[in-house]
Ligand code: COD
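Next up: just one chain, as structure tokens, the form predicted on its own.
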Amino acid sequence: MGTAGKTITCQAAIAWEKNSISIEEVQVEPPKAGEVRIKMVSSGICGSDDHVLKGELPMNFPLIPGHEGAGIVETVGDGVSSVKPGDKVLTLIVPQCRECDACLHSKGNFCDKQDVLPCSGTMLDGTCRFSCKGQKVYHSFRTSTFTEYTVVPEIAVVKIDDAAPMDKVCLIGCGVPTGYGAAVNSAKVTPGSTCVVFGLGGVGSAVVLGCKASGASRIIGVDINEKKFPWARALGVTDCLNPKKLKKPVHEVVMEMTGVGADFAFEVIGHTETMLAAWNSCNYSYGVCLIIGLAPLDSQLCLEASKIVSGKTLKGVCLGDYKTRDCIPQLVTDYLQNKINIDPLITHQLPFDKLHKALELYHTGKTVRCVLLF
């Protein structure tokens, strides 16, 4: 019997409160108008999910986390025209409504309709599509990919090439465009330049790929977890620094190594301390510092005003400045055509019921990106 129009019972990971997650049986309602129900195939574990689980973002509990997902459309609600049942799709943490100021502007991509900071945890009509044990369960970033089935707004899903390997391309829903795009699209890293990357996890590693693809001659990687250094070097990092083992602040070491500071600095951690270190690692006159990491909402970044007028640039970056529904499918095609190789970013793949093992790998720094398979 078909499932269209019916509530589906399946397995999902529910965060009942901060730092508490378990796999439960949940009910997933049919999609309403403008919505899509997806059978998930894979989902990456991203740092933003960890922020959610730790309660560092103002989201409602209980919720189903996850946003970096690949799946197959099961059913669509009324009015949905961009995808149909059977399509391979990616979920999008940053939607594209194609109507708001950000979507209509040539340089904007932070869609006004996403309402994720703070996130209500509901769909666009203010209600939820998940329930467990008679209790409503909230959405995370309106995607919630740690579940066998999910429901998302049409503006937060995009059709991809039928040839896409679904156990891998989930990374192109978030981590790859966020990091790779920051280098090639936002910063437009130049050939022969020097780059420094603060944070060598999944997104930072994607930044490294973008810097290397752009022809950077020197890529300095900064991380306190030296287990990541061999992976980083394999991707193109030329120098690795552990701030905890340096005798002076890391930005001073970068200045000494480069003589004049980095052309491009990328902060991919989300701490104000590392944001300042990245800023202070840049060349005074023409350096560009790009902030990618998501800091806690109540944090403030304080800069020395006298050092701003020298000419260097501080730029915030959301998902590599890509307009998601327009650009993400092309990144998948680029991967299929061997123009981008994301495979080295995936160091582990685990079945969904091994979620706690996957989270352990993430928290202990033993993985670049771990992908859950459904």
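Residue numbers here begin at 1 and follow the sequence given. All values derive from a computational prediction rather than experimental measurement.
The same protein also exists as the form predicted in complex with dephospho coenzyme A; that form is not shown, yet it is the one meant from here on.
- Residues Gly47, Cys174 and Gly202 are all found to lie within 4.5 Å of dephospho coenzyme A in the model of the complex, as judged by heavy atom distances.
- Interface membership of Asp263, defined by any non-hydrogen atom within 4.5 Å of dephospho coenzyme A in the model of the complex, is ruled out.
- When dephospho coenzyme A is considered in the model of the complex, Ile224 lines it closely, a heavy atom lying within 4.5 Å.
- Within 4.5 Å of some heavy atom of dephospho coenzyme A in the model of the complex lies at least one heavy atom of Leu294.
- Interface residue remark: His51 is counted as part of the site for dephospho coenzyme A in the model of the complex, having a heavy atom within 4.5 Å.
- The single contact residue among Leu63, Leu319, Val28, Val41, judged by any heavy atom lying within 4.5 Å of dephospho coenzyme A in the model of the complex, is Leu319.
- With the partner omitted here, the residue from Ile93, Cys111, Cys289, Val169 that has a non-hydrogen atom within 4.5 angstroms of dephospho coenzyme A in the model of the complex is Ile93.
- Here the chain stands by itself, but in the model of the complex one stretch of 209 to 217, 180 to 188, 151 to 159, 268 to 276, 268 to 276, has heavy atoms within 4.5 Å of dephospho coenzyme A.
- Along 351 to 374, a non-hydrogen atom within 4.5 Å of dephospho coenzyme A in the model of the complex is carried by Tyr362, Val368, Arg369, in order along the sequence.
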